[in-house]
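Given next, in structure tokens, is a single chain: the form predicted on its own.
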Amino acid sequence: MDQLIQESKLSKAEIFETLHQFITEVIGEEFVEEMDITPASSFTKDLEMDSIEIVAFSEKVKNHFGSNIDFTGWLSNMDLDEIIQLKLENIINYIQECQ
């Protein structure tokens, strides 16, 4: 996907839909169909994503939203417990704040 160029802020619902698509691309449509993915979904517990999948997801976020969102830097400031408990809504809120 090309970098997003926009003047107006995306809504939380629009950000969620974009992130949902990235999750589908990373873990596969067959797995996503069996899951109820919501903003409250956690990456490790609910989505069962491993570290390689989380890295692939973060690259998609970085490439899509561009340099205004330092997703990798934001994640690197978290300790392991925070990353394990990370929910989609945390990322949605971070992206919305950075727009």
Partner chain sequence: MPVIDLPNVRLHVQELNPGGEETIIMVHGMFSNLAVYYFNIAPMLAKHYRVVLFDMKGHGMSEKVQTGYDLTSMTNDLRELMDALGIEKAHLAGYSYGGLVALKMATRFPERVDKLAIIEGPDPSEQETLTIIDTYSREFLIHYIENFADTTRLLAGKRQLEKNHRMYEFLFNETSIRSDMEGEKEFFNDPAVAAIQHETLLIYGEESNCVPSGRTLASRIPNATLVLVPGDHNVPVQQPEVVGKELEKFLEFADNLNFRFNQSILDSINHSN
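Positions refer to the first chain, counted from 1. Predicted model, so just to flag it, every value in this text is computed and none were measured.
What comes next is about the form predicted in complex with the partner chain, which is not displayed.
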If the criterion is a non-hydrogen atom within 4.5 angstroms, does every one of Ile27, Leu47 and Ser58 touch the partner chain in the predicted complex? yes
Using the partner position in the predicted complex, report whether Ser51 sits within 4.5 Å of the partner chain, counting heavy atoms only. yes
Using a 4.5 Å heavy atom cut-off, state whether Leu75 contacts the partner chain in the predicted complex. yes
Close approach of Ala13 to the partner chain in the predicted complex, 4.5 Å, heavy atom: no
